[in-house]
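This document opens with one chain alone, in structure tokens, the form predicted alone.
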């Protein structure tokens, strides 16, 4: 799917799913739409009173995709109406386990144009044991 069409279509999906975000502590809602060989998977952030148990939208999308048999991951769109949602370090590391350095991360908010970065720019010195699926 062409990048522009992906952004338009998947941003609409991300905006629909944002209502499922559970963010009573930070009040920052985030959704992510991941394009894979098995279709697309959506994740939202799910917070917990024990902050360390919070799970970000990006990881939810990846874990759903993996649990459904996805093997190839093409790009992810991350959206928040509340902030400019750059992925946290844990999400960057999880992504790096399953994708190549040129994997596209598209960051969208209510302000400005989408920001498109390759994972290698977001995580230039990733931890790796050279394991690939």
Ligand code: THU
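Only a predicted model underlies this, so the values are computations on that prediction, with no experimental measurement involved. Residue numbers count along the first chain shown, from 1.
Absent from the display: the form predicted together with tetrahydrodeoxyuridine. The rest refers to it.
Look at the stretches 33 to 41, 96 to 104, 48 to 56, 64 to 72 and give the one with heavy atoms within 4.5 Å of tetrahydrodeoxyuridine in the predicted complex. Result for this chain: 48 to 56.
4.5 Å heavy atom contact, residue 90 to tetrahydrodeoxyuridine in the predicted complex: The answer is no: residue 90 has no heavy atom within 4.5 Å of tetrahydrodeoxyuridine.
Any residue of 13 to 29 with a heavy atom within 4.5 Å of tetrahydrodeoxyuridine in the predicted complex counts; write them all down in order. 26, 28 sit within 4.5 Å of the partner.
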